[in-house]
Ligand SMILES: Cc1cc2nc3c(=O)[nH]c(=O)nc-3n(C[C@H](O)[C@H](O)[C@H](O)COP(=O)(O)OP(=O)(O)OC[C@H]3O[C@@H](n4cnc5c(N)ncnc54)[C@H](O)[C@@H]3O)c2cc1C
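Given as structure tokens, the chain that follows is alone and in the form predicted on its own.
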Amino acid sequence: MHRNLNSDSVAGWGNFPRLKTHLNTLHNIAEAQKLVQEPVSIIARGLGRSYGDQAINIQGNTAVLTHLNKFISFDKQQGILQCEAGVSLDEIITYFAPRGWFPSICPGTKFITIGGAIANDIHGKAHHVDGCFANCVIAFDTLLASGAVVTASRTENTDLFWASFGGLGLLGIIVRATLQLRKIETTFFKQKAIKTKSLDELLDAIDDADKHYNYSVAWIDSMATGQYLGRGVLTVGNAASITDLPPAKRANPLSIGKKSTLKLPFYFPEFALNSFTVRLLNEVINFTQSNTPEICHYEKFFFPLDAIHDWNKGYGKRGFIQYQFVIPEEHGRKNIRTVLEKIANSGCVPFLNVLKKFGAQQGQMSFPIQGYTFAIDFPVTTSLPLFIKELDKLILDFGGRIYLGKDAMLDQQTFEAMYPQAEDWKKVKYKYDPNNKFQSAIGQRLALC
């Protein structure tokens, strides 16, 4: 175990908030058990791609698990992988994609660990078809506050199993997991871009696309107003078969992406974040999204931002939040318009606005409910916290909720109204962690520990 006796300044991917903690890098389960036995609280941390304060414990230890990244076993007939929880999606793709297997659920980055995927119950572009990460997890082993390692599945310790998805790591340290991978014929996707001029046109396109495509995501011009409010580009797609590929790609249908060497070397200055640069960015995105190739490699289809390492520095040293919310389909069009108009008039400039549609709800603390979800990047400014409180209230009034896996500002009262099932989750927390051994900044902020 590598122990840093001094406090480290740590942040999530949004570089906000930046908090002090004791970082401890673990290399095996025995080291994790030893750390859990210490008389201070602890939280697990993976690759740090949660945007806010989910994987930081300001009261004690933060255990980094990225070295627990071994593959344990693989059933090549059924595609069942057992691995340590520090394994990343990138590592799974690199090894198994050339062998015809791929992660069943992919979010917007491959640089996340399996433990983090469970803790945040990640979702992707195909939630209306595939659901959340819970649907591809067969079982996992959790290190509890008692020091025992127990298995949780749909038939064993089922309360721990379901409460861990979206449970933010507050029930224990997930050390191993058994996953169902997806059999693939190629690592390419057949996609289509649908350009729309208004919100109604965009939502009509989404509703129609869901009948024909497994994957869909829309970019919305964050600066458009009036009759063009909600204009954007919907990108839809399905997995490509070998016969879909042009001859040049058929020779290597299971190719994986080259490791990108592009890196943002410094934090952008604050003055670079303004309405002009956002309008320019929107025009660039509009052009690139509207001119997507018919056959697209998984790297660009799932993980376009992974091409630039440390792209989060583009938001400056103050950092940013990714504000992701979901609202029900009922009255959805009217309510989305209200939200977009409020953002347009707020003075808080959104740099990215992505829209998807969710399927049915599952799990106690899992974020998705059936409806429309937006993920919006806001650079941190002095006026942002007050505006986010106003947005939170609006989302709550619409029957929606905020994604805890990205949140940095939600308050306890609003959280409890958005997640009434949290009381049932707390009973599971008390059963497995009665003395609150596992704590984090967001857990304390929302009174979950």
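In this text, residue numbers run from 1 along the sequence as written. Please read these numbers as outputs of a predicted model, since none were measured by experiment.
Missing here is the form predicted in complex with the named molecule; even so, the following discussion is about that form.
Although the partner is absent from the chain shown here, none of Val236, Ala240 and Lys357 has a heavy atom within 4.5 Å of the named molecule in the predicted bound form. Stretch-level contact check against the named molecule in the predicted bound form with heavy atoms at 4.5 Å: of 155 to 163, 303 to 311, 69 to 77, 92 to 100, the positive one is 303 to 311. Checked against the named molecule in the predicted bound form, the candidates Ile112, Ile327, Leu202, Ala177 yield a single residue with a heavy atom inside 4.5 Å, and that residue is Ile112. At a distance threshold of 4.5 angstroms between non-hydrogen atoms, Gly230 is out of contact with the named molecule in the predicted bound form. In the predicted bound form, at least one heavy atom of Tyr403 sits within 4.5 Å of the named molecule. In the predicted bound form, at least one heavy atom of Leu47 sits within 4.5 Å of the named molecule. The named molecule in the predicted bound form comes within 4.5 Å of a heavy atom belonging to Gly172. Residues from 54 to 79 that approach the named molecule in the predicted bound form with a non-hydrogen atom closer than or equal to 4.5 Å are Gln54, Ala55, Leu65, in the order they occur in the chain.
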